[in-house]
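Read the single chain below, which is given as structure tokens and is the form predicted alone.
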């Protein structure tokens, strides 16, 4: 669905995005992460056709960005990290205005508005002034108006920024629902745990480069050298003492200690893991918990990134 080749963008003499080759298949929910100044916003703006690249090529759904802008805007929706709304309008008038701007056929406007407001859980706010909406509702309203022309691709730049926990959960559920409907999404965010809740793939950027990309399970699989195990102890002293004993075992690799937590990779199956569990508990009476830990986006980022997300 999204394909770039050698994509580069300079601001004067400063490179913001450099030689990015990227492929996001149709139907993916792709998380875009990286440290401050990595080039995430610049990349999204170029994908949306809002910023002309210095060099390179972009195709979205087979349309070359820059050569067919009208067709591109019909299939791509972009939600920036900051947005302005017409607070004096009601939600109804706000949505009608953008439906006309998107050239939604007149006979379809009310049905289209009702559909996207239902999807974004804003149907009950139809006659409310935009200025009376909470931050989370305003964010969902921006997404709702962006969905009016039924884009195949939706680009979201830091959509959870400034939202309270409840609003973040609502946004996460909306993104998952959009993905289930077949929309291809690219979501820039600094909250890695939230990305893990809904993303099917990830792109990690640093200093304008893509340093790792792909489906999450594939990236996690490459990291995994055995079953990842976590042992939580009563205190740091107990953890250090147990870790020293575990390091001598041939069936354990990469034993690390952080505070009262021990992480390691077990070289065996789950039946053997159960035996190890019993041995560890008998070895030290300070064991609080012992479990197989599921690797996440955060583990991928920590393995390949600078560890300073924006």
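Numbering follows the first chain given and starts at 1. Since this is a predicted model, take the numbers as computed values, not measurements.
The discussion below concerns the form predicted together with a small molecule, not included here.
The shortest heavy atom separation between residue 110 and the small molecule in the predicted complex exceeds 4.5 Å. Proximity of residue 35 to the small molecule in the predicted complex falls within the 4.5 Å heavy atom cutoff. None of the heavy atoms of residue 291 is located within 4.5 Å of the small molecule in the predicted complex. By the criterion of a heavy atom within 4.5 Å, residue 158 is counted among the residues contacting the small molecule in the predicted complex. Proximity to the small molecule in the predicted complex, defined as a heavy atom within 4.5 Å, holds among 16, 295, 22, 287 only for 16. Comment: the small molecule is not present in this chain, but in the predicted complex one of 164, 173, 87, 81 has a heavy atom within 4.5 Å of it, namely 81. The stretch that touches the small molecule in the predicted complex, counting heavy atoms within 4.5 Å, is 39-47, out of 269-277, 39-47, 253-261, 65-73.
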